[in-house]
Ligand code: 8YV
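Encoded as structure tokens, the following chain is the form predicted alone, with no partner shown.
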């Protein structure tokens, strides 16, 4: 049983997530994590992975012993501070895999087959004047996946029926039937399409730089469903503008919800507003798993999906 008003809900939640919260919890809300903390004896925080939880906020609430975030990523949490103060944390892995993989494949197919441009071509009546340009097929391509965790492995399984070759890189080789490359540059060089499904951490910060993009080459495509911080956006913009790569599909950006304006003026890029997990079904599952973690904490039980920091 979660005590009434013991949980501070930080950040804005979509209506469908708020409905799930209100069914199971009585929380106090703080929309802006930089704002004034409401009065209360808070022992836990409920937030989303797109809301940064500053150390200063936690310092104002010494009674907090648990932070539950809705999302697979937890780069929004000050992990060192949590560890130093014995504060538990949880995320919501697994429940969003289907939605994220679906979007990744949808973006990939749209990028190669230029689906959005084809629709605009028909709507503009240009079809009556000339045929649409030739596009690129997915079959026969080598798909490189950077990050072969839960999402990466689920994505690879979904891609297999498309008659592609799959390769990957990560911290270590796994018992998988795919080619392993020890570095991201080597993977990029071997790939026709490079999909980013890795976590955001110091090791992956700006991992996709000019050298990696050069290795991907003028016939190569980049798809980012991970985090904006994984890509050096200066290098990517140059690569797109100078056709050093064939194109990119981006669901995440360094500065959200205000991506760099240069991306809006390039033809060989497909942009979506960080909607990887944005389905009604997935957001309900994420919210309930986050609350499951809170219930386990208050009942002094092991957290279903604890972040081991």
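Note that this is a predicted model, so its numbers are computed, not measured. Residue numbers count along the first chain shown, from 1.
Keep in mind the form predicted together with the named molecule is missing from the figure; the text below concerns it.
- Among heavy atoms of residue 111, none comes within 4.5 Å of the named molecule in the predicted complex.
- Contact between residue 73 and the named molecule in the predicted complex is found at the 4.5 Å heavy atom cutoff.
- The closest non-hydrogen atom of residue 17 lies within 4.5 Å of the named molecule in the predicted complex.
- None of the heavy atoms of residue 65 is located within 4.5 Å of the named molecule in the predicted complex.
- Looking at 279-287, 53-61, 26-34, 242-250, the stretch with residues near the named molecule in the predicted complex, meaning non-hydrogen atoms within 4.5 angstroms, turns out to be 279-287.
- Of the listed positions (213, 96, 89, 166), a single one reaches within 4.5 angstroms of the named molecule by any non-hydrogen atom in the predicted complex, namely 96.
- Residue 227 is the sole member of 216-230 found to place a heavy atom within 4.5 Å of the named molecule in the predicted complex.
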